[in-house]
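Taking the form predicted alone, here's one chain by itself in structure tokens.
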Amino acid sequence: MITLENITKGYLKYKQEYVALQDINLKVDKGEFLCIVGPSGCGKTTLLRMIAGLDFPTSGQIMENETEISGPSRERGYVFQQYSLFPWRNVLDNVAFGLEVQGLADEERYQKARKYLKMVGLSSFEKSSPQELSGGMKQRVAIARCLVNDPQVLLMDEPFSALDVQTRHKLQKELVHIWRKEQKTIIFVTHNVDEAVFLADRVVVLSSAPGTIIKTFNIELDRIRDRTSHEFLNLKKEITRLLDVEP
């Protein structure tokens, strides 16, 4: 589905060349839930932006279904860390925005928007403004706005990092349910090891800058996962230990 071949990303920083990512090789299968973890500044978001077509590697290729990614596409939806909702639009109109840009008639786009608002549990808030919503609710709207455009790949950049633990855990469970129902490919960036082990089929661990892949973990635990189980805790310890000793 998504293939990264020998990806290196560098740019000028204070008039000196800075390498953010180096020699990244990775394949993401259709329908896979992949999490990328690593320390701050290791290039996680840069990598995600390049997959989205919002940025480009200095060298190497990023392919989607054997076609090189050369820019943004409706096939790849992006959920940002910040909610990025339009404050002058109500919840329903925020979700329906992409369909409006595509030229869909009012009845069709609102029908689709309401379907995804129901999926994220916000049907009764469709007339609310973003200012009236909690952080967790805003992020649900952002996810619904992305899903309504029916992307094949969902790119998520630390979408739950600003939320309290209880809300974050709740949204993680909801995201797993949505992923299983919609059968999307998800690439999820996080610095939270617990979150990665809970969500992912596979966890890719990046080093500090320049970011390189240290190790990949296949997570073969049943869903929904028990955070207190011996297997879950052991995986968390192993990944955390790897990050702790990484210079």
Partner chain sequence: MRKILISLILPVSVVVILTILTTFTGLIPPYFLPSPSEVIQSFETLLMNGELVQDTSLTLMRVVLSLTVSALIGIPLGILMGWSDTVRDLSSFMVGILRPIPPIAWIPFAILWFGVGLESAVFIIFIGSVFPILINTMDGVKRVDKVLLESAYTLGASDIQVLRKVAFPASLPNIVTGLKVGVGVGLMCTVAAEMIGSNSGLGYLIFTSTSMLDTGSAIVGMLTIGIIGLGADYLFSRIEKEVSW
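Keep in mind it's a predicted model, so treat the numbers as computed, not measured. Positions refer to the first chain, counted from 1.
Form predicted together with its partner chain: not shown, discussed below.
Relative to its partner chain in the predicted complex, residues Gln82, Phe86 and Val101 are all within 4.5 Å by at least one heavy atom. Contact annotation for Leu54: at least one heavy atom lies within 4.5 Å of its partner chain in the predicted complex.
Although the partner is absent here, Gln166 sits far enough away that none of its heavy atoms falls within 4.5 Å of its partner chain in the predicted complex. Its partner chain in the predicted complex comes within 4.5 Å of a heavy atom belonging to Cys146. Not displayed here, its partner chain is kept clear of Gln111 by more than 4.5 Å at the level of heavy atoms in the predicted complex. Proximity to its partner chain in the predicted complex, taken as heavy atoms within 4.5 Å, picks out 66-74 from the listed stretches 217-225, 66-74, 24-32, 203-211.
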